[in-house]
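Take a look at this single chain in structure tokens; it is the form predicted on its own.
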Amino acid sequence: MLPVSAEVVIIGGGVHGCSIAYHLASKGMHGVVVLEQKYLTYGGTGRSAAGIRQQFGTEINCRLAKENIKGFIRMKEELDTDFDLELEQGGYMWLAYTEGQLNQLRENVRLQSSLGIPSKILNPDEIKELIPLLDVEGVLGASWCAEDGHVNPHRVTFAYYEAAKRLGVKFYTYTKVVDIEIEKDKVKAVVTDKGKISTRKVVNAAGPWGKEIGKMVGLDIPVVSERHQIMVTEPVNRIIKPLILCQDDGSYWKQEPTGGFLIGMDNPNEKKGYDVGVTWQFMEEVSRRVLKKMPILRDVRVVRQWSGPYDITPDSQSIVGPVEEVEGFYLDVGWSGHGLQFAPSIGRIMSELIIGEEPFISVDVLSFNRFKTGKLIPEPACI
């Protein structure tokens, strides 16, 4: 049964919702409630490729990304979890096939280096030395950071969930938010299909469904939900550790610690909306793209496919923090495909904003207000 009231209601049981809940509770806040329309990790979190990186092209994302890496490294101890989070810092490589792409990577690396991120530009010989089985035909160079890598998105989320629960946070799954009541431009209550909770603070961490939640308080949040597909192969002997991303055709792949290859691609023509079905066209096209670069995978069998939604904004940047229009309403949406990896830093920052503390990193540039002022900050390192 739902509580009659709560100090804070978080809408969304993905990694961000669970991280915010944990950080609030760890700061001593009681009465924290998380509502999820299906099951934890149902949305973008559980369908993620789960890469973690510091190789971004805007200062705010680089600063946050540095903290994310630290957060993942200390997470097992901090959350006192028995889960193996499958953190592997095997590196992350962006391959450039044109001078324009390479120049952008150089620009990104200059910014990253100025902020203490150990990324660098590699030439084709250096790329081949790191990944001998990669066909570097047409490759002009790459950006590389050995500290980057990947994690298990389900285990990270459930580690936050278990830690938050121990601190008194209440989670309600299969509980759909149908309305948010406001009075004199202030949050008053959250209405669900199982009852109503009175509260003065609501966090919209609903990912691709964030636009729908925003409408409930009269906000038009510029988020578009777009399907992205992934396929996974049978396990084979470990041959690579880095996550590889190709800027010529948007293909990317990594080999999981268990041996299977997780393979995806960017497709601007993908379906908009909440459909999480898969297509044979995707399997055919992504296979064609990746086999050109990793021909050794030719005889490896595909065992499954899935898809998940990105919540994309006009500048491929998240929307974070309180809104001027409705007192007590907070946003953590619009992550445009790189949300999982920001859970450590943003969970902490959102808790600081909600409690009224000064955030340890200012996220003012990511505010909802930027869409009114026109001060967008396009993220060039996004796929």
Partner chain sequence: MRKTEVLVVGGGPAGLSAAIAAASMGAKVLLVDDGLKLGGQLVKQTHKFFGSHRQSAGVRGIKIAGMLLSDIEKLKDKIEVVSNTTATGYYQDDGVVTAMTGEDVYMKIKSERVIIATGASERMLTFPNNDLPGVYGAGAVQTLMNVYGIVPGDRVLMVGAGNIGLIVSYQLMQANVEVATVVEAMPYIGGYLVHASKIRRLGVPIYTSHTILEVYGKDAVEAAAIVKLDSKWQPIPSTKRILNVDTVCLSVGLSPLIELLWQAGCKMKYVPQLGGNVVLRDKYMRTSRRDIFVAGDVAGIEEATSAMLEGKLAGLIAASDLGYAYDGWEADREDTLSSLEELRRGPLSEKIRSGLKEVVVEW
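These figures come from a predicted structure and were not determined experimentally. Residue numbers count along the first chain shown, from 1.
Only in words, not in the display: the form predicted in complex with the partner chain, which the text now covers.
In the predicted bound form, the partner chain lies within 4.5 Å of some heavy atom of Gln281. Shown alone here, Arg301 lies within 4.5 Å of the partner chain in the predicted bound form, counting heavy atoms only. Although the partner is absent here, Gln305 is a contact residue: one of its heavy atoms lies within 4.5 angstroms of the partner chain in the predicted bound form. Among heavy atoms of Arg289, none comes within 4.5 Å of the partner chain in the predicted bound form.
A heavy atom within 4.5 Å of the partner chain in the predicted bound form is found for exactly one of Lys271, Lys194, Arg200, Lys241: Lys271. Arg227 is the sole member of Lys293, Lys254, Arg227, Lys211 with a non-hydrogen atom lying within 4.5 angstroms of the partner chain in the predicted bound form. In summary, the region of this chain contacting the partner chain in the predicted bound form, judged by heavy atoms within 4.5 Å and restricted to 142 to 150, 211 to 219, 120 to 128, 273 to 281, corresponds to 273 to 281. Within 4.5 angstroms of the partner chain in the predicted bound form, the stretch 45 to 65 places no non-hydrogen atom at all.
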